[in-house]
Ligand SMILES: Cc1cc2nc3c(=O)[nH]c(=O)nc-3n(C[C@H](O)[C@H](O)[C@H](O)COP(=O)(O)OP(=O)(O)OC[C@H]3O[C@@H](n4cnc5c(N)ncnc54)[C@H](O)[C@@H]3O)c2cc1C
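This document opens with one chain alone, in structure tokens, the form predicted on its own.
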């Protein structure tokens, strides 16, 4: 075996597919079922707006792959180019948006600025009090329930081994690479990829690479079906705490929403996150500012999922700083869904070729190592 991948979310299944496509022999090990962790809890937003600038090359690569996903994977993963609209209600937020748009332009992201009249003409019913908006017309959404299984199935067709319901016990280095002992036997490979999400820091710590990761759960919900409109994914630019709501409408008419609520703490054992009903009124209040029609709509389900958050909100992505043949890709801080296909292709490129065209310096794990003065460093 050439590579063992630990963790079967979007990052892990995408990496397994792209590694297999390069001709490597790959085994993916998932403790539950593929795509049932943080991936399935995602909102499904495929957006580049607002990303840390150094994430944009990865986001652009991933957006291209989302556009190829149906042909590449052989099934519809409900990627829809609906556009991404972020409404603005305050002057300071407008200044923030304009500063970001200017800074992002050299990184290849062009945002349209819409005035109040244009918002109301193009997107009637949205944000009646908005003074402006940013619009990224080539972004959109995808189905979190479909994408990881689609990558896993496609990887299997290329010869990858997908092992589900499999608990990892020991991980040891050997003369040839790594041995992973699990509830379904031992597996050996020359290289190991850690895509274990919120559990990724535990694996890194086994190799002397502590990462200050906090497991948190977002609060997501979905409404009853409404008459369908051709709506973009909608969010907000704001400095006001508790108002950062976002939503999208699926083709069946339901509104999927999130944001505007503190993420809940999640114990890693067993790692099950639950939505807090007490936070729902705050979410709905923020959402009404974006779409007043939600005032009399019933919420039919809420959910959460276990995600790994880092203080600088940037992932760990790249080779281990302590162990040759070990690679990490975790800690996407609730912002990983859009990046998933690009992460998979980039990690496969790095593992197979020893380098990648995507800049990963800001995501290196050694940014968390102890400095000479004994203080912990998390380079922003």
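Numbering follows the first chain given and starts at 1. All values reported here derive from a predicted model rather than from experimental measurement.
Beyond the structure shown, there is the form predicted together with this ligand, which is absent from this document and is the topic of what follows.
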query: Heavy atom of residue 37 within 4.5 Å of this ligand in the predicted bound form; finding: yes
query: Proximity of residue 63 to this ligand in the predicted bound form, heavy atoms at 4.5 Å; finding: no
query: Contact of residue 320 with this ligand in the predicted bound form (heavy atom, 4.5 Å); finding: no
query: Distance check, residue 49 to this ligand in the predicted bound form, heavy atom within 4.5 Å; finding: no
query: Candidate from 310, 168, 146, 109 lying within 4.5 Å of this ligand in the predicted bound form - any heavy atom; finding: 168
query: In the predicted bound form, segment of 188-196, 83-91, 237-245, 281-289 with a heavy atom within 4.5 Å of this ligand; finding: 188-196
query: Any residue of 21-39 that, in the predicted bound form, places a heavy atom within 4.5 Å of this ligand; finding: 29, 30, 31, 32, 37, 38, 39
